[in-house]
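Consider the single chain below, provided in structure tokens and representing the form predicted alone.
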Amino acid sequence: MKSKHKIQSICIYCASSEAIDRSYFEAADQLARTIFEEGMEIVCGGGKVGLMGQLADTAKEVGGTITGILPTFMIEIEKQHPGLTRMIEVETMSERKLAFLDHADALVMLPGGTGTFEEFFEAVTLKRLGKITHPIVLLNTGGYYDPLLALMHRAVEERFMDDRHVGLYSAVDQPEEVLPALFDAPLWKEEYAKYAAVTKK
């Protein structure tokens, strides 16, 4: 697949909840299969429950490569998935988020809760400040992220963000649209930090 970006490893931010609608599990499974079919790897939270567990289940089924990153204290909460290709143990949540970025070439956000929101917003903020250049895509299954996308759009409209910041990330509705969106994401450069702060027109 032709790409503006060199992508071998994709970090997927996602939920640890098992109580969510089945459609979210199906979307995570389809996305994982698509990634593995392209010979790429997945980096994720490494837990055995929720969408994290689904990613690892799919990897085990199809022989995909998946790396899990878990803080020591979270191992008892999220339970390390036994099917991980590799497990990286860190001390803190902050170290976990940095490790996600260090071990991935691109970032994908599946539906999730506060932890997933935090990971997304930190990544977008770091990109806005020129500290990372990873392509970022939200998989908006069932319109889950419509309110977040509306909020981000309003932040641009109200001039809390620059018009050019719409290129920080993109959103798609279907799993099969994720890789094309990552590959076609606008190239981002460290020097774009010069308009991180919004000035008057």
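Numbering starts at 1 and runs along the sequence shown. What you see is a predicted model; the values in this text were computed from it and never measured.
What comes next is about the form predicted together with a small molecule, which is not displayed.
For a residue to qualify, one of its non-hydrogen atoms must sit within 4.5 Å of the small molecule in the model of the complex; none of L138, G167 and V172 qualifies.
At a distance threshold of 4.5 angstroms between non-hydrogen atoms, G130 is out of contact with the small molecule in the model of the complex. Under a 4.5 angstroms non-hydrogen atom cutoff, the small molecule in the model of the complex has M52 among its neighbouring residues. The small molecule in the model of the complex is approached by E119, whose closest heavy atom lies within 4.5 angstroms of it. Under a 4.5 angstroms non-hydrogen atom cutoff, the small molecule in the model of the complex has K79 among its neighbouring residues. Note that among 59-67, 41-49, 25-33, 150-158, the stretch whose heavy atoms approach the small molecule to within 4.5 Å in the model of the complex is 41-49.
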